[in-house]
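Okay, so here's just one chain, in structure tokens, the form predicted alone.
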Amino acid sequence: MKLYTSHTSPFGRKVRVVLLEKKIEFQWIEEQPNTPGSLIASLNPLGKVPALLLDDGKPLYDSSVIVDYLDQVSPVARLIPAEHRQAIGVKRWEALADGIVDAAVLAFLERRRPAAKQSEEWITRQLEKVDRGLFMLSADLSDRKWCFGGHFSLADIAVGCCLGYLNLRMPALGWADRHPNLAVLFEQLNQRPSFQETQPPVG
């Protein structure tokens, strides 16, 4: 299977971490959406990364669908519980972490527009979502080691990729100072080879 994504996509990173944790062989193809010659629109009509091209030629998207598929296709290191209520608990964490990233991406892209065209109201609205989301992640984590169920799961992967993206694109946000329990979790995740191998490039 082939994974089409960029170095900096937190959603692509989530998929890469899952592939590494589950020891699934894959070919990683660097794709930057909205650049000349990009193939991503032919794999995902929404033109977003990541997209996973299966061996039968069928593409999968988005990241949440891809990681569900990967967890089912290999029994190694199950990341989503088999029991439905437990699975929903893990997916809830993923949904919140991914939603924080969505808002952060929108704010980041707005900041890249010409200054005269930027909407401070829009940026503020997105950053408020980020702040509320981080507060909920921190409150739900409390003093536990892992996000859900007492062990490493997709919930931790999603949160770790979310926090990594905030560090990359919004270092001035200072989330670690305001939520030290998330900082402890993030440090713990960064000890795992899967997180070390998928670190986004600095700068």
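When you see a residue number, it is the position in the sequence shown, counting from 1. Nothing here was measured: the structure is a model prediction, and the numbers come from that model.
Note that the form predicted together with a small molecule isn't included here; everything after this is about it.
Although the partner is absent here, residue 27 sits far enough away that none of its heavy atoms falls within 4.5 Å of the small molecule in the predicted complex. Looking at residue 33, you'd find a heavy atom of it within 4.5 angstroms of the small molecule in the predicted complex.
When contacts are judged by a 4.5 Å heavy atom cut-off, residue 62 counts as touching the small molecule in the predicted complex. Using a 4.5 Å cutoff between non-hydrogen atoms, residue 49 counts as a contact of the small molecule in the predicted complex. Of the candidate stretches 33 to 41, 173 to 181, 143 to 151, 130 to 138, only 33 to 41 contains residues with a heavy atom within 4.5 Å of the small molecule in the predicted complex.
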